[in-house]
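Read the single chain below, which is given as structure tokens and is the form predicted alone.
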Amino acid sequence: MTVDVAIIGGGISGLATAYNLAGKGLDVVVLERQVHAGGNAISERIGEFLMEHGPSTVNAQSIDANDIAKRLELTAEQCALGAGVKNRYLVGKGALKGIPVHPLGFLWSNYLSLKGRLRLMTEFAVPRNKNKAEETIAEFAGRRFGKEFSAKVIDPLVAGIYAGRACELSVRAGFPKLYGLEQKYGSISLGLVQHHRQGAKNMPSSRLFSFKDGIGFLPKALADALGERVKTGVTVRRIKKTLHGFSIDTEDKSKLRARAIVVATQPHVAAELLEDVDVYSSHTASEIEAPPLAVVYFGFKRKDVEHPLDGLGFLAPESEKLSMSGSQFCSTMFPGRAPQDCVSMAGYFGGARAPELAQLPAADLTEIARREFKDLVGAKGEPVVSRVRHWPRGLPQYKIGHTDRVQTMLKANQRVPGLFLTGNYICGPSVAVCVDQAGKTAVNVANHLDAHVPSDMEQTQKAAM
């Protein structure tokens, strides 16, 4: 079997890349080792409850994500963030502290000390960093906003986005927009004012959407649209460079030839697959850590939860020493996530903070989550629904040097013509960013193939196979 493009990995990144390439008239195939495509974007209906095992939102500002939704005719299935999201919550001194969803929310709230708020107000006067050494997110935030804001706000935010630690991740790679604002305007606050004047008035929480049946609906729709181009239960064992492209060996000893190949797997899998093809990409991918994660999901009767749950959820600074790094109030975020007289919530464990917690048995995690939800939101009694999901490998960690690592991988095609990499370790772990990057990857692949049109003999050989 010979195709134009073989895509290894059937998560959102691989499926979106394949969908874009198929739309350009190219012959593509997606090879996914699991029995179902979709990667970690898994949405499970449990009666009238809906559990997100992985990602739960899409940023509505993503042009590519909205475009794919329209092309797949999914617009009617989209659902906007619920009207009940009125506050953001952070844990402080063992209790939830509500901060209004407003640009000045942290100044109005007493979550930060008076000294911390005054320091925050002076951000515009902090000079641009002239040291060329790469900063961690904690160093950057402490320098610009003060150490209290860094420890009590940025630290939990990093845990929520990357399941990482602000003192370990690169600001240039992890928060490129904030880094860019300082580089362009010399100040984050001044940069945000300029963006506000240009029309970016809504806070990020108001620009999120999902689908009626959850985020898992998107990869399912992509896989359905691709049809037989998606091959599940196929494990790739080896990739070899050939004169006119690549040869792919699978576990069932079948062979596939492709003019170009896109590796859209987790970084540790990419590292193994590329050992004999591109040692630079292989070594670089092997350096990216992805510590384990666990999700504990509960459905409760509304009367058994004291807190109004009027937010996206909560995040916990590492200094609070909670087992949960954060939570989502699932039934508040989007409609149809719980029966009318019930609520649902999910707690997150592990990541770079405490990888050992994510490896605890389900019964132990359930007990810890029930105890902490009781203390924080007043959840009492027996849950109506209880589920635990273990992810042996979680989110990629964008540590110091990650931007250089990404550039090495994005230049794979220069070293090995026809080889491309994409995934949540390139530009960000969110669904929207993965879809955006998949669109760029598809353009690069198509351009490569346009520049390397096969000869008449090669086309004849392909047709004969």
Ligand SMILES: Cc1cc2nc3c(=O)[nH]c(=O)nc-3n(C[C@H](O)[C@H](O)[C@H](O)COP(=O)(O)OP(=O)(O)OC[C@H]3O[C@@H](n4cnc5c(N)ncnc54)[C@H](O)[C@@H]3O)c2cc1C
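From 1 onward, residues are counted along the sequence shown. Please read these numbers as outputs of a predicted model, since none were measured by experiment.
Just so you know, the form predicted together with the named molecule exists too; it's not on screen, but the next bit is about it.
Chemist: So, Q266 and the named molecule: in the predicted complex, are they within 4.5 Å at any heavy atom pair?
Modeler: Q266 belongs to the contact set for the named molecule.
Chemist: Does N66 reach the named molecule in the predicted complex if we count a contact as any heavy atom within 4.5 Å?
Modeler: Output for N66 is no: heavy atoms all beyond 4.5 Å of the named molecule.
Chemist: Does the named molecule get within 4.5 angstroms of any non-hydrogen atom of Y348 in the predicted complex?
Modeler: Y348: contacts the named molecule in the predicted complex.
Chemist: How about A338 - does it come within 4.5 Å of the named molecule in the predicted complex, if we only consider non-hydrogen atoms?
Modeler: No, A338 is distant from the partner.
Chemist: Would you confirm whether the three residues T57, L395 and N424 all fall within 4.5 Å of the named molecule in the predicted complex, going by non-hydrogen atoms?
Modeler: Verified in the predicted complex; spot residues all in contact, yes.
Chemist: Of L50, V431, M409, L419, which one comes within 4.5 Å of the named molecule in the predicted complex, counting heavy atoms only?
Modeler: Among L50, V431, M409, L419, a heavy atom within 4.5 Å of the named molecule in the predicted complex occurs only for V431.
Chemist: Have a look at M324, A285, V295, A141 for me and say which one sits with a heavy atom within 4.5 Å of the named molecule in the predicted complex.
Modeler: Selected residue: V295.
Chemist: Looking at 220-228, 190-198, 234-242, 170-178, which one sits within 4.5 Å of the named molecule in the predicted complex if you count heavy atoms only?
Modeler: The contacting stretch here is 234-242.
Chemist: Pull the contact list for 366-382: residues with a heavy atom within 4.5 Å of the named molecule in the predicted complex, in sequence order.
Modeler: The stretch 366-382, when checked against the named molecule in the predicted complex, contributes no residue at the 4.5 Å heavy-atom cut-off.
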